[in-house]
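Below you will find one chain, with nothing else, as structure tokens; this is the form predicted alone, and questions on how it binds or moves follow later.
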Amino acid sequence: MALMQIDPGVILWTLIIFVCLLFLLKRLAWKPLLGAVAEREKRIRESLETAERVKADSEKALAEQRALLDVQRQEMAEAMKRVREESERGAAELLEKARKEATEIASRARQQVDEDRRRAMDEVRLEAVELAMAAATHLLEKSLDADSHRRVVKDYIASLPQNLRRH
């Protein structure tokens, strides 16, 4: 039962040791512990601030990248539109050029046909003149009466297909 009894000397010595220990802890350990806790708190706060800055910078960079991507998409769409317009314009130019060439070819063909027709007509006229001259010469060689003239002309007309084949 001696353990349950209150001894004023033990209480006094316990208080003295507690106060001395408290004084020593305050002098030697409390300041370094508080300094270490304050330093750790400061590092955590700095890490959080750095993380917030990095997050803000990342969001800003992401927004810039998205804006740049939108601009590039718009530029690409405009470039595609220009290419499409240029190709349509080029196709229209080629079509117009082909039409002009076809018109020129048709015009030259018409001119060639007209020229060939004119030459053929000239040749026919020359042949007709030659035939007329030959008929006249033939008639002049034979000065005959009217019946003889008719017979000579009929004979000559009958021989015309042979004369045309020779020329």
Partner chain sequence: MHAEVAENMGQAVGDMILHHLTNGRQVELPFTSLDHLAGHAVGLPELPGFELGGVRIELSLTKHVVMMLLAALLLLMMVWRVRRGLGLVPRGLANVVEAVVLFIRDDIAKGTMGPKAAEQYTPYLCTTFFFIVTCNLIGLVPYGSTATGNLGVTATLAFMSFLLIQYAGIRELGVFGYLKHLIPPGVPFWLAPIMFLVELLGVFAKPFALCIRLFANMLAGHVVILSLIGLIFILGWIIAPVTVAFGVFMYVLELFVALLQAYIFTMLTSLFIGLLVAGHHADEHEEPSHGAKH
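Residue numbers count along the first chain shown, from 1. This is a predicted model, so every value here is computed, not measured.
Below, we turn to the form predicted together with its partner chain, even though it does not appear here.
Engineer: Can you work out which of 124, 37, 133, 48 has a heavy atom no more than 4.5 Å from its partner chain in the predicted bound form?
Structural biologist: Contact with its partner chain in the predicted bound form is made by 37 alone.
Engineer: Work out which of 53, 26, 60, 118 lies within 4.5 Å of its partner chain in the predicted bound form, going by heavy atoms.
Structural biologist: Comparing distances to its partner chain in the predicted bound form, the residue within 4.5 Å is 26.
Engineer: Looking at 64-72, 110-118, 97-105, 38-46, which stretch has residues with any non-hydrogen atom within 4.5 Å of its partner chain in the predicted bound form?
Structural biologist: Of the stretches listed, the one contacting the partner is 38-46.
Engineer: Mark residue 148 yes when one of its heavy atoms lies within 4.5 Å of a heavy atom of its partner chain in the predicted bound form, and no otherwise.
Structural biologist: The answer is no: residue 148 has no heavy atom within 4.5 Å of its partner chain.
Engineer: With the partner left out of view, is residue 33 within 4.5 angstroms of its partner chain in the predicted bound form by any non-hydrogen atom?
Structural biologist: Answer yes; at least one heavy atom of residue 33 falls within 4.5 Å of its partner chain in the predicted bound form.
Engineer: May I ask you to state whether residue 156 is within 4.5 Å of its partner chain in the predicted bound form, using heavy atom distances?
Structural biologist: Judged by the heavy-atom cut-off of 4.5 Å, residue 156 is well away from its partner chain in the predicted bound form.
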